[in-house]
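This document starts with one chain, in the form predicted alone, laid out as structure tokens.
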């Protein structure tokens, strides 16, 4: 799969943007706050319907306008497909070949996207919510069943929490309803946890190998899924009934799970250097490329947002070698000399300034 063209309307600092891309590598150069990251953000939304930078969709709408629109022509299995995402202050719509889809879950997975940006270090340094969001986004790209189970898990979880808050205030406790909601929650929880375990197990096949390749090291990168419930779901929920009622919330479940990262025997979050953290997260992101290919038999789009300048020459060269002839790549940087162009076989260069994009020539550069 690859993206052939992109059009933006009222997106971030863009009134209008229209451009065509190389099917291999696209290098976007611009100073900070000029709009280069916004292009990658729009591609992330095009694939996953969500930004990698924020929680409120309406924040991407240009100030003073009513909506933002992302339009793209992509090539999928040698067929051209038109995709649209329209974001307004009241919601979001997705279109496939100009036909509006009833649910966003029907759209997710058409275009697979993997991004690596400076903020991704929070995957290790940040709170567990960030790591759970990572799980949900990445598994959701390839599994409709996961999206279905996760959505229903969240619905039942809200019902259970509402009941717990009510029981917190009332002397009479509706234990029968609590039992029913707990059983419903466990039904969806089992599928969510099963797919999360499977996902971690499968990307672990790639992460360690990639980490050694990028860092030229014999150290082992280990990724572990840490569920809040170890074995008997119903027993552990029942044991927490009293505490759940006192606190008015559900204290166990998929919404409390986490991921841990280790290099050999030491915990990366507390003991690793910035370079080791960056290589670890990058290894996980590159593992997603192979993971998605395993399912789709096609590579996803790779977005690299201002990350090459953060890598030493050896790691940068190893990264560029690894992704060549696999993915269509979008690379942003403040300076073109921060990128070793000799490592890239086919590319186009774009310059962005104050929300305007210009291609450096009409042909693809070849080394």
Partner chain sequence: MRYPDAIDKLIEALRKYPGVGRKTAERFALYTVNRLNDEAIDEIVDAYLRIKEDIFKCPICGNITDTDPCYICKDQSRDKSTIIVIEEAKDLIVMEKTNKYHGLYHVLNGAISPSDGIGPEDINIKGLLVRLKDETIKEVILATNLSNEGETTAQYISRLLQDSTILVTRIAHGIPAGGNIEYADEITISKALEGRRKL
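The structure presented is a predicted model; accordingly, all values stated were derived computationally and were not measured. Numbering follows the first chain given and starts at 1.
Although it is not shown, the form predicted in complex with its partner chain is what the next lines describe.
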- Message: Test of understanding: in the predicted bound form, would residue 271 fall inside 4.5 Å of its partner chain by heavy atoms?
- Response: no
- Message: Even though the partner isn't displayed, in the predicted bound form is residue 168 close enough to its partner chain, meaning a heavy atom within 4.5 Å?
- Response: no
- Item | residue 240 within 4.5 Å of its partner chain in the predicted bound form, heavy atoms | no
- Does its partner chain come within 4.5 Å of any heavy atom of residue 188 in the predicted bound form? yes
- With its partner chain left out of view, choose which of 236, 122, 260, 162 has a non-hydrogen atom within 4.5 angstroms of it in the predicted bound form. 162
- Query: Since exactly one of 217, 228, 198, 145 fits, which has a heavy atom within 4.5 Å of its partner chain in the predicted bound form?
  - Reply: 145
- Look at the stretches 175 to 183, 247 to 255, 131 to 139, 274 to 282 and give the one with heavy atoms within 4.5 Å of its partner chain in the predicted bound form. 175 to 183
